[in-house]
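Quick heads-up: it's one chain on its own, the form predicted on its own, in structure tokens.
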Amino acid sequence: MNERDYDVVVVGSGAGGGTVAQALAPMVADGLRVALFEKGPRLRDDEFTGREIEMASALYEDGGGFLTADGTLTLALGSAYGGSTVVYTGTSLTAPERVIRGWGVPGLDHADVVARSRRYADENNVHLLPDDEINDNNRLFVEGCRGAGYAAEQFPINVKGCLGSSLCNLGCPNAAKQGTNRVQLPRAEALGVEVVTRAEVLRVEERALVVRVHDEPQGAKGLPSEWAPGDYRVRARIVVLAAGAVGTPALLLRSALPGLPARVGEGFTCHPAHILVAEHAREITNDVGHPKSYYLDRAEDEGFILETCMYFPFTTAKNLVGFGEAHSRFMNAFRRLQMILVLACDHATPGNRVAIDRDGRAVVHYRFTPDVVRSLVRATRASARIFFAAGAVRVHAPSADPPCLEVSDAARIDERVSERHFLPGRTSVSAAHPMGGCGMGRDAGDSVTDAWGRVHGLPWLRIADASLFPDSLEINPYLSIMALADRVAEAVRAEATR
């Protein structure tokens, strides 16, 4: 086995790992060695084609369809240089004060999280799009919210030179989205941090990683790894794990480190979501322009968030309930479709957790609680009202049977859309906000790490990703992940330079 030595190693290159790498990079000039390992490939700019099928397999774990153990929920997990920041829509919100307070983590202050989030928002060019760049799909959401008695809010997003391709979830083909692949990682590498792609971390040992570097598969997108293919033992004084809320707990569980807190894998949440579509009588601009410019926050009052969205034909088709003529009618109306993504604010629940199978691969156990089903149904009812208020003639509602609501149903939405029609496995549900699994807290009895990401009982081991969240964040998480990762990096800097 090849041997390497570093002062600090980081696993994962997304919002957490990219942030840590950049924050530690100035230490390289002082003689410290820092390396980051990313399982996915590094794509050239011309390989971001925006083609749905080829980009899904190139940028996502399991092509974007990582299934939970019972097959009722798919998770979208980015796997590339930049992690999930390559495939999200750039929406950039700061954590609600009530959520951070509710977590009750000693030493974690909301004002500190906000201050750090704002610094990364500035760094990543977060701003509101001007009115002339808002497409019909988003305008209709605002108008529909107003007509239904709600007040939509605009998402700040992190783009620079956006051309409105609407392909954010397939990796921006115009290099406009400011993920870690565009901002933090290049800066870290310029200062001397070594980034190794196609590098799968098999396990964590005492102050060391066992890494397998893979060859480039024939015909696959992406550059070859920076290291020769093979197995490596990489020793380091400090190890930082940022492989995501599924990857980090699974890596720890298969490593079976002596003294590892028993709660690793517990507390998994993900904002389960599904896509609702509505048909208008005229064509609208939906698949050009930024896809996600507005949202409606009902998390505190009703346990859900609504977000504008525009998904691609394959993704849309698989999210529509049913088959045959009714399904075909919606798909044939693609250029007249308005879309809303409904997200339930789930909470950490016993049994919903990350585990591993006999081969050490991640397995996510997730059951929809009655509260989650209730939130999804409330969200669907609210969305149907918004669609009809915006002028839609027909709404596809998975929690209705049959799932098509006509204008004549507008007065009886509560009757048509019901929890009794939500059938796991029949209703397509997905999630792109995996959280928890290595939650922060007071001690090993209630958590995995302290407020600075240090694993209880293993002071050389740190966590710096969304697995730190003790419970659901109830908003889009990437800025909060960066803020927590920045705290981890601050603590690592202090320790590494002693």
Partner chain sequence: MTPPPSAPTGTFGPMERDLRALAVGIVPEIARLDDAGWRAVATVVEEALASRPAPLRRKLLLFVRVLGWISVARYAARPASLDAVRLGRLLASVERSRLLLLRRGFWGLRTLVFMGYWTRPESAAAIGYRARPEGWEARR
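Positions refer to the first chain, counted from 1. Quantities reported herein were computed from a predicted structural model and do not represent experimental measurements.
There is also a form predicted together with its partner chain; it is not shown, and the following applies to it.
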Note to self: For its partner chain, considered in the predicted complex: do all three of 154, 372 and 414 come within 4.5 Å of it, counting heavy atoms only?
What the structure shows: no
Check: Heavy atoms within 4.5 Å of its partner chain in the predicted complex: does residue 62 have any?
Finding: yes
Notebook entry, point to check: Does residue 150 reach its partner chain in the predicted complex if we count a contact as any heavy atom within 4.5 Å?
Noted result: no
Margin query: Considering non-hydrogen atoms and a 4.5 Å limit, does its partner chain approach residue 92 in the predicted complex?
Written below: no
Notebook entry, point to check: Even though its partner chain is not shown here, does residue 45 get within 4.5 Å of it in the predicted complex, heavy atoms only?
Noted result: no
Item checked: Partner-contacting position among 313, 217, 230, 259 - heavy atom within 4.5 Å of its partner chain in the predicted complex -> 313
Next item on the list: Go through 142, 126, 167, 113 and name the one with a heavy atom inside 4.5 Å of its partner chain in the predicted complex.
Entry: 167
Notebook entry, point to check: Which of 220 to 228, 183 to 191, 169 to 177, 261 to 269 has heavy atoms within 4.5 Å of its partner chain in the predicted complex?
Noted result: 169 to 177
Notebook entry, point to check: Taking its partner chain in the predicted complex, which residues along 73 to 92 bring a heavy atom to within 4.5 Å of it?
Noted result: 74
